[in-house]
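One chain comes next, on its own, written as structure tokens: the form predicted alone.
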């Protein structure tokens, strides 16, 4: 990796929510632990794509022989924060058969008739998979808090239910990576205007984004409450400054790489005699 600008301190340390964390203190323009520029970051991202793909293949291969490990990447953010770009890059790097993607929209009438975790439980990644949630169960303690669709007591119940759900997933072999992409209100405005200025991006624009933007401070309070109530050692939150899209992408890549590396994944050993099979193949 000669010539590449690497992280001086890993994002799993610099971006992890800890005791006394305050979202208001995080600079969305910052690049914690990384001294390089955009070109440096893009070079590092490209260089590590191969390693990410190999580790994902090992994860998938292990599961074909009884392995139970899996990854769940949870992406939460305000609109325009860059979730789509991160999802596209992660999915493009990996073998599609080993990736399980779910974008959670507003719940259907059927989903509303069940507890809020019902639709989430159905979408959790299977063994050997890298699961990606574009929005998630956290919508039910974010937007519901902002618009008072849930009472304080109900929100407390949901925080407990989320912690129990994530503990069950961890017990089942899931490594959960929770990421909040943190952009500034001014940066969101710039991105919304850019969408309006580009006809190819009009399909991404919704006037509903402006309505939710009016509740920016309430959303920040809701995120803070979510961190305080659902941050744990098993499933910690990471807040990624996202005004610079290139930094957000390499930071999330680093978090996924670290999670896969920590799993100590091994290629499954052959259940046949390699020398014999080689000889038979050469004769064929």
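Definition used throughout: the rigid core is the maximal C-alpha set that superposes within 1.5 Å between two forms. Residue numbers count along the first chain shown, from 1. All values reported here derive from a predicted model rather than from experimental measurement.
There is also a form predicted together with a further copy of the same chain; it is not shown, and the following applies to it.
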Inset, instruction - Please check if residue 8 has a heavy atom lying within 4.5 Å of any heavy atom of a further copy of the same chain in the model of the complex. - result: no
Inset, instruction - May I ask you to state whether residue 78 is within 4.5 Å of a further copy of the same chain in the model of the complex, using heavy atom distances? - result: no
Inset, instruction - Although a further copy of the same chain is absent from this view, report whether residue 101 comes within 4.5 Å of it in the model of the complex, heavy atoms only. - result: yes
Inset, instruction - Would you please decide whether residue 183 lies within 4.5 angstroms of a further copy of the same chain in the model of the complex, comparing each non-hydrogen atom pair? - result: no
Legend entry - Listed residue (60, 246, 237, 223) with a non-hydrogen atom within 4.5 angstroms of a further copy of the same chain in the model of the complex: 60
Inset, instruction - Report the residue, out of 122, 202, 168, 147, that has at least one non-hydrogen atom within 4.5 angstroms of a further copy of the same chain in the model of the complex. - result: 202
Legend entry - Region of this chain that lies against a further copy of the same chain in the model of the complex, out of 63 to 71, 249 to 257, 32 to 40, 215 to 223 [heavy atom, 4.5 Å]: 63 to 71
Legend entry - Residues of stretch 243 to 276 in contact with a further copy of the same chain in the model of the complex (4.5 Å, non-hydrogen atom): 267, 268, 270, 272, 274
Legend entry - After fitting the core, residue 278 CA displacement of 2 Å or more between the shown form and the other one: yes
